[in-house]
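Below you will find one chain, with nothing else, as structure tokens; this is the form predicted alone, and questions on how it binds or moves follow later.
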């Protein structure tokens, strides 16, 4: 509770770091902040060509949309995981020179990625409407809940990897491989129905499986997501967040000496 209270007292610092990251993310580039929209669209184009045309997944109606509504949330999660891991080491000057709750750094980074995802969802809704599928207002009511569950899960993981990476710096490189493997074990480029029955249990142990499926239910199938599964995933995410704070709190004591 003391840590939470202290983080709340430094909320202005978090907001300032989020703004700094959003402004600096594409600083000096020609398109600037437009890369927030261009990047996911280019990834969508590549994946659509590869999996819809080359690998013959064209049997999925409007595959580009089927992929897009899952790809945007995945980009947020993977960015939080890989970028969050370096959030402490990237701010060594702040760590060694001034006092503030060290949790502020991974929180601000994940929040920045989350805001970036919210901007990207502008494009998602435009594509959903242009595609002719449209939206279901009732199912959309569950979208903030899905986003909250994913944010909590991403933040919990980011707290753990950012703290561990200070002492085990190979983790930064290992996470690239883990993230790639994690993506293929999450129903992003394929649907959850494509998972063989004998493997379904193991896939469902992956919280991102339920989160991505919920996004797709809401935005592609226009249906209410599996609420019990979503709430269970929310519970797991809350546990991961608590563990993340505990691990971070234990390891942050020697950050200044180690960085």
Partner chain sequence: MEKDIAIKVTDVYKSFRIYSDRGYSLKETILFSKRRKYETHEVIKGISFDVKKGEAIGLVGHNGCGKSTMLKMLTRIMYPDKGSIEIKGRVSSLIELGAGFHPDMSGRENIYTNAAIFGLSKKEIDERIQSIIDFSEIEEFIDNPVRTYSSGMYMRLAFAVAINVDADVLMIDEILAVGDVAFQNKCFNRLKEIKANGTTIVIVSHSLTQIEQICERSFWINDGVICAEGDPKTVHMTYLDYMIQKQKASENAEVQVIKEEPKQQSEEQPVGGQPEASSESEAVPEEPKKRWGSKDAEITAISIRTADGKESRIFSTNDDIEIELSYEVKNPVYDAVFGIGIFNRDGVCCYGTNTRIDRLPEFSLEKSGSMVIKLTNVSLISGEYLLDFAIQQGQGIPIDYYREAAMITVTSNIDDIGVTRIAHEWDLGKC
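Since we're looking at a predicted model, the values are computed, not measured. Residue numbers count along the first chain shown, from 1.
Absent from the display: the form predicted together with its partner chain. The rest refers to it.
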**Item:** Any non-hydrogen atom of residue 258 within 4.5 angstroms of its partner chain in the predicted complex
**Value:** yes
**Message:** Although the partner isn't part of this model, could you tell me whether residue 95 comes within 4.5 Å of its partner chain in the predicted complex, counting any heavy atom of the residue?
**Reply:** yes
**Message:** Can you work out whether residue 166 and its partner chain are in contact in the predicted complex, taking contact to mean some heavy atom pair no more than 4.5 Å apart?
**Reply:** yes
**Message:** Taking any heavy atom pair closer than or equal to 4.5 Å as contact, tell me whether residue 99 reaches its partner chain in the predicted complex.
**Reply:** yes
**Item:** Location of its partner chain contact in the predicted complex, chosen stretch of 168-176, 151-159, 79-87, 133-141 [non-hydrogen atom, 4.5 Å]
**Value:** 168-176
